[in-house]
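In structure tokens, one chain follows: the form predicted on its own.
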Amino acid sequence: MKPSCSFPEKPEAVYYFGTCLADLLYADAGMAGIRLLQREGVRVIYPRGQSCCGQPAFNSGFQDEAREVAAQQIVQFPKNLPIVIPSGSCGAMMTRHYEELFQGHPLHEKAQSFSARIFELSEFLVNVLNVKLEDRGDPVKVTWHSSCHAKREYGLGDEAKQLLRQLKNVELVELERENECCGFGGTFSVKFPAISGVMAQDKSADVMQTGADLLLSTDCGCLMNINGALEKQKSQVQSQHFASFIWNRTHVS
């Protein structure tokens, strides 16, 4: 499990780490996460100096470069507040690998404190805020992809599914091969494109056999990869980050 840190049951304020992919490709997901937190009466602080968590460099073996990027993130979140992230992948990097990066470094203690304050968005909504949802959408069938990094490195459970199951008009159809990787893996898909392509093909086939209208996940990288495979096969299944989906179905216009 990830490092733990205790906070009030409902803190007055949190930091929000937006992630690169949300910033550049899934802005609606990033904003939906912020709105879900604000709706619960939590003030959201978004440090403008934040950038990447450092995972691309770290996974490619460039530890010095990854450390330089990570150090810039640590100083952007100085107060003892939860740091909420709409991505289990970035959360895994920050909770698991900052300890390794900053071993013996002057920022080591600050890195440990930083890592202990990380919460993936669905985890925070369920386990800290105890969010209760009212479905305002039409009936829809969805399926769910579990991110490898979120599940295996970060230690995320089924919090997002718990939220989905609160929505009375949402039918959740489980994938037969949910726990299999979609083939993205960040730099893995670049280093091993043939293997990655076959994995994406397997995952998209599993998605299509469910008969779902939508594919949901907590991680934008997985969604981007699977959605590409679905589009290539001219599938009608759409993909969406769970935060966007939940916000769109539960907010009052």
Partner chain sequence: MSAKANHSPHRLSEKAFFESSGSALKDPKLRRNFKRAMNGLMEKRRDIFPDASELEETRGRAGGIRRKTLAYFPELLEKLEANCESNGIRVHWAETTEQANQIVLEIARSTNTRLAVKGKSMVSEEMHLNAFLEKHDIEAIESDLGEYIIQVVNELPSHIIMPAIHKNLEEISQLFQEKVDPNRSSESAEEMTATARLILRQKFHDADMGISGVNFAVAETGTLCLVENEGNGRFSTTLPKVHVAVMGIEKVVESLQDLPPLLKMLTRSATGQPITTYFNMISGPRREGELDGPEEVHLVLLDHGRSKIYEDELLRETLLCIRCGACMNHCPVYTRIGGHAYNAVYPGPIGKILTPQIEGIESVGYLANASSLCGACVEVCPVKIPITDILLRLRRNRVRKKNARHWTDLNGGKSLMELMTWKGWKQVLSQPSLYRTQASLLSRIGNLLPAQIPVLRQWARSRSLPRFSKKPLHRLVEEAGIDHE
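Positions refer to the first chain, counted from 1. No experiment lies behind these values; they were computed from the predicted model shown.
The same protein also has a form predicted in complex with the partner chain, omitted here; what follows describes it.
Though the partner is left out of this view, Leu133 does not reach within 4.5 Å of the partner chain in the model of the complex, counting heavy atoms only. In the model of the complex, no heavy atom of Thr210 sits within 4.5 Å of the partner chain. Proximity of Arg152 to the partner chain in the model of the complex: non-hydrogen atoms within 4.5 Å are present. The closest non-hydrogen atom of Ser217 lies beyond 4.5 Å of the partner chain in the model of the complex.
The contact residue chosen from Ile83, Ala160, Ala111, Cys148 relative to the partner chain in the model of the complex is Cys148, the criterion being a non-hydrogen atom within 4.5 angstroms. Screening 114-122, 174-182, 133-141, 160-168 for residues having heavy atoms within 4.5 Å of the partner chain in the model of the complex returns a single hit, 174-182. For the stretch 185-207, the set of residues having any non-hydrogen atom within 4.5 angstroms of the partner chain in the model of the complex comprises Gly185, Thr187, Phe188, Ser189, Val190, Lys191, Phe192, Pro193, Ala194, Ile195, Ser196, Gly197, Val198, Met199, Ala200, Gln201, Asp202, in sequence order.
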